[in-house]
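Next up: a single chain in structure tokens, the form predicted on its own.
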């Protein structure tokens, strides 16, 4: 990892290359110890915001949704000129993750039953079957791109199955998810002219096109469910009511948009980042492979270490003081999960990857009102994947350097070549 010389005035966490170069932890270490409430300057198009890097402060913000609201957007980027609000931002306040109480609580209850511990546990055999189908596809090759061929395939299949999407549509959902959540990465800016790829305008075009295409696809799915109900989440939403009123088509489309994005991207990155972490810490990997009963604590350490969602933003509804700094009404605060998950005040030896770490109260899934709805599925998918992966390919290892996603929002790996002894 290249060392960077830091000066507070030069720190700008709007720069996705900090994350792509894997230098973010140096910045977070500096901020936690020197300026835990740090003003991130405005950019050419975006407003400034407060970087929040300590665990205790993120807990306070997350547990006070009346003081810090989600409906003004959950990402660090917010345009100075509100006429520039893109397709995704038009969903502010309209989907669970960008909704405030009390409506947030009512809508979350609608889908909660599909994500209870009982519902999750009932899916284990099915998830194991999918996992082995995914591994079957690479078993004889002896090498593959772990992200594209393995890590992305399991969570994609699970959430698409829960939504009743046909298998032929799963690759399209993968493509659109990359466009929307990876819009800042030139690789996914295929809708932008070549000269704009890698620019903010290229990112805007990619995100906008991905969102529009996703809405077009789910509008057709919604129409189909209205005519032919299935045993799936979309049909559940069609029949649901809040305060005696059926959900509008727009409500359902934003639900679908969120479910498909959250249901596959973050777990994909936890699986990829988990294998990378174990590969880079061979003593921990050996310990785990010698005793797979340690997998539950190993998974929590993977989640802490990887922090697949890099940040969430909130907006202050009134002046609030944190650590002697006044956050003014209307200002954005950005909670950095990779930083709080390595906060020295909470985690002893935070930069040590330790699969036996207990307690491990990481915030990889957030906390409070917006705690990740799919956390149970993510944990189960990680468990099953590593059980089956190490059972079938115990010698799987990196076969080249991973390529990280250029993003300030998703802590992702795009490509990771691996090799293993092929099955006969």
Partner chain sequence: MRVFVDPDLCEGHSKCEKSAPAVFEVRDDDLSYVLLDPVPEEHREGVERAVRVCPRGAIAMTEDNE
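Please read these numbers as outputs of a predicted model, since none were measured by experiment. Residue numbers count along the first chain shown, from 1.
Note that the form predicted in complex with its partner chain isn't included here; everything after this is about it.
Taking 288, 313, 346, 162 one by one, only a single residue has any non-hydrogen atom within 4.5 Å of its partner chain in the model of the complex, and it is 346.
Checked against its partner chain in the model of the complex, the candidates 383, 357, 370, 32 yield a single residue with a heavy atom inside 4.5 Å, and that residue is 370.
Taking non-hydrogen atoms only, residue 55 approaches its partner chain to within 4.5 angstroms in the model of the complex. Residue contact check for residue 117: one or more of its heavy atoms lie within 4.5 Å of its partner chain in the model of the complex. Its partner chain is not shown here, but in the model of the complex it comes within 4.5 Å of a heavy atom of residue 105. Shown alone here, residue 140 lies farther than 4.5 Å from its partner chain in the model of the complex, counting heavy atoms only.
Stretch 109-117 is the contacting one of 146-154, 253-261, 333-341, 109-117, since its residues have non-hydrogen atoms within 4.5 Å of its partner chain in the model of the complex. Remark: none of the three candidate residues (277, 281 and 401) comes within 4.5 Å of its partner chain in the model of the complex, counting heavy atoms only.
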